Ligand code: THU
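A single chain comes next, written as structure tokens; it is the form predicted alone.
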Amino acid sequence: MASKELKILYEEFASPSEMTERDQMLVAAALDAQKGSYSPYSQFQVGAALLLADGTVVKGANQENAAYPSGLCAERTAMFAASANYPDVPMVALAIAGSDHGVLCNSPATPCGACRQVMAQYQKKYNHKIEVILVGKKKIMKFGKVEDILPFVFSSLD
């Protein structure tokens, strides 16, 4: 038997002003995307902004449904829209912001397992790392690739 250690490196920012102009734009787009949230049951609004390699930004917002679990997360809304409308353009970065009853959460909202798996699939499909930015009021976390938030990714494409 061998014991091993897994290290995850990420950057942490106190505010968007510490980030690059590109990342500030993506954070602002994720915050704006929350306006499209349909969350009458949870009152938890999530916005996602996905940057494509050609500079296009695709927004998504969580969509709830009375017939739970028929809704969809903001991250997958954005990724599926991008894949359907820009099928040959790699995904470069994804910013995610979550608010509870209209107030940005202090700590970043993190993607569910299904969203992480979808991110991993698109990263593998395009053979291009997808940066992940998680936005909170008191801190913003930036990860260099999907494996940083989903180690030991499942892939049937291998």
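What you see is a predicted model, and the numbers here were worked out from it, not measured in a lab. A residue's number is simply how far along the shown sequence it sits, counting from 1.
There is another form of the same protein, the form predicted in complex with tetrahydrodeoxyuridine (THU); it is not shown, and what comes next is about it.
Residue heavy atoms within 4.5 Å of tetrahydrodeoxyuridine (THU) in the model of the complex occur in exactly one stretch of 87-95, 41-49, 25-33, 122-130, and that stretch is 41-49. When contacts are judged by a 4.5 Å heavy atom cut-off, Ser107 does not count as touching tetrahydrodeoxyuridine (THU) in the model of the complex. In the model of the complex, at least one heavy atom of Cys112 sits within 4.5 Å of tetrahydrodeoxyuridine (THU). If you take 3-25 and check each residue for a heavy atom within 4.5 Å of tetrahydrodeoxyuridine (THU) in the model of the complex, you get nothing at all.
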